[in-house]
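In structure tokens, the next block holds one chain alone, the form predicted alone.
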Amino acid sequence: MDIPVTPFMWVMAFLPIIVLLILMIKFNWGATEAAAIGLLITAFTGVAFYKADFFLLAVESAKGIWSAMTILLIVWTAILMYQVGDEARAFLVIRNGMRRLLPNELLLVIAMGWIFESFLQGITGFGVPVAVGAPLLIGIGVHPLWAVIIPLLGQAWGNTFGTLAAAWDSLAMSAGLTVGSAAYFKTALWTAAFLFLWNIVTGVAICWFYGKGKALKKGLPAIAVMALIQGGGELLLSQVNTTLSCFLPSCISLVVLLVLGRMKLYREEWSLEDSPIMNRESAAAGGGEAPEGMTLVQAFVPYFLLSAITLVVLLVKPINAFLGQFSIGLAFPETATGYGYVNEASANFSPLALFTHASMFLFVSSIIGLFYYKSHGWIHGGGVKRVFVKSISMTMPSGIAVIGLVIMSRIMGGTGQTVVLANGIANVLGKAYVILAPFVGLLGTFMTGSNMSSNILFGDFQMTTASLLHVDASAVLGAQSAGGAIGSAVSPSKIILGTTTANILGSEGQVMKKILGITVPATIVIGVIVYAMVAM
């Protein structure tokens, strides 16, 4: 690569991202409008300064549209599941049942916004916890804006070892770590340790949002127990079985939380009347009466199905191998910039294994749940049609934003702008670069919406940079993936998933503004720890 890594080229590469952030945070633009401006700037800088031609832009745009389709499949199927529950009025049953089961409102918010999201992240990922969690939180009385913010934070700790360690496997592959080697487990240990820290931050933040000091005092015992099970459990299992190191602790935490709800500290009804995140009047007034005869277990039928189908398909190897062989990918030609930055040809770009994709699990669960509710008389005439019409109409606006953001990411990567961003930071800072190593991971997830993609994009770069700087690569790689996991909380494409199912599309800037105040300091702390441990 002959692209000059100069301050000017670095600023030009960073320009689309900074404009995107300013428009969304400062001017409260929605992601749809901001993505369009960011995309135009990315295309301009790619052609004007990175010597890309229009053929390259067209190819990368086509790749972006194809990649966006996999995200939009999840958006639509997650909204479909929401609409099934909404049409059957199952959320009213969930709200009433969970309140009886967990009379402590703070513990209820923790359960529905952190622990359940952790469980979903452990098995599905790909933004499903955010899309599914937002309407559930609204159902128990959480304000829509906070119903998006809380799941975004709640799912982030599981973003590396969740989805049965898909993002972790990508990091190991990109960095050339041999499975089972000392370096493999040492990197896993660093990664899990950083995520343990983030898990604690998540619990503290949710309590603080709910009621600051009063809520923190009340919720601290539960946070300590949950963080120890989730973060501590992941830390231990990362040295035994990385595939299950998030899934098993998240399952255990679900059970333990229900036990906590029956203990003296949390079994009595408790809430803060002036909690800024609650919108109890709206929740109580909305949706009418709960359907007659529906139990809490029946209300959760689509979610039980989602869990069961996902586990069977992903963990039973013969089934996974059979279903996984059916995939669809597109062929793309080789492209190159005037600086010699080459994007290799692909005969099967980003293949979509439809039957093992999270969207298929959501779709099947939704359809079975739809007919289950209908057979019990909880969905009436015209309800099936309404479910599909509403799900499609809710998906279309967010689809435009997702496509714009993903194309922007592809053009930045295809023109070499992404690599210049990372290289520029490393060249200027020397060993102090390790402080920003987690920010590179965060940047990757912010751009692509995926920790897995961030690890693929920057894993080898982080490994090479650590070697050149003569610092422990395991710690730097751990910071990369932990930063990528934290970045999933501020990724515009994931935020859109939440704002869509919460029916507040266009509020992405407000969501991001709240979350950046937590994610940025946490990422700085991780960078400082790495610097203190391996670079000083």
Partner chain sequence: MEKQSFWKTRAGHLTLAFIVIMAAFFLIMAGLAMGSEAVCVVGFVLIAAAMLYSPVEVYLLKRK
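It should be emphasised that the depicted structure is a prediction, and the values quoted were computed from it without experimental measurement. Positions refer to the first chain, counted from 1.
Same protein, other form: the form predicted in complex with its partner chain, not shown, and the subject of what follows.
Only one segment in the set 483 to 491, 49 to 57, 496 to 504, 463 to 471 has residues whose heavy atoms sit within 4.5 Å of its partner chain in the model of the complex; it is 49 to 57.
Comment: its partner chain is not present in this chain, but in the model of the complex one of L265, A182, L315, M396 has a heavy atom within 4.5 Å of it, namely M396.
A single residue from the set A224, L330, L296, L101 has any heavy atom within 4.5 angstroms of its partner chain in the model of the complex; that residue is L330.
G404 belongs to the set of residues with a heavy atom inside 4.5 Å of its partner chain in the model of the complex. Taking the partner from elsewhere, S61 is found to have a heavy atom lying within 4.5 Å of its partner chain in the model of the complex.
Although the partner is absent here, G509 sits far enough away that none of its heavy atoms falls within 4.5 Å of its partner chain in the model of the complex. When contacts are judged by a 4.5 Å heavy atom cut-off, T32 counts as touching its partner chain in the model of the complex. If you take 59 to 80 and check each residue for a heavy atom within 4.5 Å of its partner chain in the model of the complex, you get V59, S61, A62, I65, W66, M69, L72, in sequence order.
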